[in-house]
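Next up is one chain by itself, shown in structure tokens, the form predicted alone.
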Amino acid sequence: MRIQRARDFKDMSRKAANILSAQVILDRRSVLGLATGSSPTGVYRQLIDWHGKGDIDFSECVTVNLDEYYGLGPDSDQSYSWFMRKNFFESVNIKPENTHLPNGLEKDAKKECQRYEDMIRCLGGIDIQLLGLGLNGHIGFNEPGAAFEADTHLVTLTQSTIDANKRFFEKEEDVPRKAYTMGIRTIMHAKRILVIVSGESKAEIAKRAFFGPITPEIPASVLQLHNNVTVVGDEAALSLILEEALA
């Protein structure tokens, strides 16, 4: 695991975007695993800027997203499909048919999870997976629990995750209680993993996830077992991690 310290959110976003852009430049047909939420917004803005300057071409890339709220369709302005279109896809030259998210409107969870796993497999797997880090150590919507969830599955969100996401909704009651998410095994099969973490509130969980015991109680801790992980964090988020541990 390589850990890079950034000055602040903007610097973190630029450093992470540089890693993603290098992947695309080296392989124009890259399969990019993408994330949603507030953490990656700066990364997407930086990629959009470089694309606008002609520095990066997404026309042959394919994307697969980590998750989608159960019960929300792509036309809902609270869905992750909507988020990705407004924050990234519509501002670059990626083909709409090359962007993939779980179908939040599919009520048959077994069918949808198998479809998503099969789709990723047919693409040849994920070349680089972008992840944020939840306050409780979740990655995607893989919540703390008694075991690591293996493949794409339907998860019931914890109250802490609902609390963290309610700022995106008019009221807490509007936050979906379930979501489709890639499982730990799906994430760990990515050839490379890029984790971004920002803010003082993430300092304790970053230390526990990346330097503590590997336990399903902190899902992100499993990333210690992957052979190609880069963590990019700002000074506040990495404040509890010893200087000698940083790249």
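We number the residues from 1 along the sequence you see. What you see is a predicted model; the values in this text were computed from it and never measured.
Below, we refer to the form predicted together with a small molecule, which is not included among the displayed structures.
Contact with the small molecule in the model of the complex, judged by any heavy atom within 4.5 Å, is made by just one of Ser39, Ser221, Gln46, Ser30: Ser39. Proximity to the small molecule in the model of the complex, defined as a heavy atom within 4.5 Å, holds among Cys61, Ile205, Ala35, Ile193 only for Ala35. Look at 92 to 100, 151 to 159, 109 to 117, 135 to 143: in the model of the complex, residues with non-hydrogen atoms within 4.5 angstroms of the small molecule sit in 135 to 143. Under a 4.5 angstroms non-hydrogen atom cutoff, the small molecule in the model of the complex has Arg167 among its neighbouring residues. Although the partner is absent here, Leu66 sits close enough that one of its heavy atoms falls within 4.5 Å of the small molecule in the model of the complex.
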